[in-house]
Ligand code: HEC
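We begin with a single chain expressed as structure tokens, specifically the form predicted on its own.
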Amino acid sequence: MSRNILLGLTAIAILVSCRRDPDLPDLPGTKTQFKATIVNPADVFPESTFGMPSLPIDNPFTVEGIYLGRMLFYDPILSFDSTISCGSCHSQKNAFADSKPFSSGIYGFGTTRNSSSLINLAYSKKFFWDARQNSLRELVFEPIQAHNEMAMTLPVLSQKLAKIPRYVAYFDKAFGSQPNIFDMSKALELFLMTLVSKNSRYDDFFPGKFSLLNNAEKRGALLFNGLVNFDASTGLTSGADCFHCHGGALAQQNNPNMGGIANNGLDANFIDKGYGGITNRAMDRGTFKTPTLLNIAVSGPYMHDGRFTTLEQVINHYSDNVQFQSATLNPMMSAHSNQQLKLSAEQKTDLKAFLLTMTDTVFLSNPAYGNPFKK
């Protein structure tokens, strides 16, 4: 590297590091002796509906830890130029997804995959579209350090946090520590685990209270949960077999070996190898983590590359455009005799009606999940 280039990069680094952070209000709380307020996980997770997830034993739920994580989630100081926060790409009104196919990082750099919804993550075993991470605590470091997202270095971030009074106070309240990267990841883990969507009409319906649905929704539910069975006279099927990958109370298969990581027939040839790019195994090429369908009406655009903008397009794909020649197609889809479902117009309308019952307006407007820096 030439001396002039080195001097130029140094000057940019000094300029950015000295840039003033955005004016953010200090939150109440002064430094006190460490004594966090324990939160019962049963108050966070609906055990009767979803069951109790496996929680980290070294990171108990506390009021202070969750709130610290919420502050960090919405604070742009986690990015190198203090312009991008986690909440910039994961909006609550979009079920903590991004409404654009690809998110924008610092200096206008773009991501290469759609920012997926952050819902009921405590129940997941794998994270990111390519399932490359196994824990939320490790997950949070990736966007913070990614050059096209927040592009922050951890030593610089640690120094920035230590200079802000509210973080000196809240790290002490939550963990009895000075601001540090390890406890930062634990706080973000706590907040992300509290993002539990449990109040949609689908939650009231599951596993089969049909009296809560109108006629179109009932037909859609039967289609969603029915096995593919082509009628000899009409050529139509009475089932779409959605439930194998998107069934259960979570509307998501979380077992990686049972459809939790799958190729859903989007492409015959793969530009993005997905999980196969992580494992380097031919059998994993073009496979991706199966997302939840909860709040699907507001979390578009859809698929790992955001190629579909509407639910109608998604339904049309599964009905009419599955690429059966795709080498790693999920066996539960190839089991349909490589025959397109060819759903009728009414069936597509009914299926969408059922999917709309999965919208949780309580979750989407819950102030406990909102930006604490906005009044």
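Predicted model, so just to flag it, every value in this text is computed and none were measured. Don't overthink the numbering: it's just position in the shown sequence, from 1.
The discussion below concerns the form predicted in complex with ligand HEC, not included here.
Checking 146-154, 229-237, 209-217, 159-167 against ligand HEC in the predicted complex, the stretch whose residues place heavy atoms within 4.5 Å of it is 146-154. Using a 4.5 angstroms limit between non-hydrogen atoms, Asp172 is distant from ligand HEC in the predicted complex. When ligand HEC is considered in the predicted complex, His246 lines it closely, a heavy atom lying within 4.5 Å. In the predicted complex, Leu118 approaches ligand HEC with a heavy atom inside 4.5 Å.
By the criterion of a heavy atom within 4.5 Å, Val140 is counted among the residues contacting ligand HEC in the predicted complex. No residue in the set Glu64, Ala187 and Ala353 has a non-hydrogen atom no more than 4.5 Å from ligand HEC in the predicted complex. Ser104 is the sole member of Ser99, Asn180, Thr279, Ser104 with a non-hydrogen atom lying within 4.5 angstroms of ligand HEC in the predicted complex. When you look in the predicted complex, the only residue of Leu250, Met193, Leu266, Ala221 with a non-hydrogen atom within 4.5 Å of ligand HEC is Leu266.
Contacts between 86-113 and ligand HEC, taken as any heavy atom within 4.5 Å in the predicted complex, involve Cys86, Cys89, His90, Ser103, Ser104, Gly105, Thr111, Arg113.
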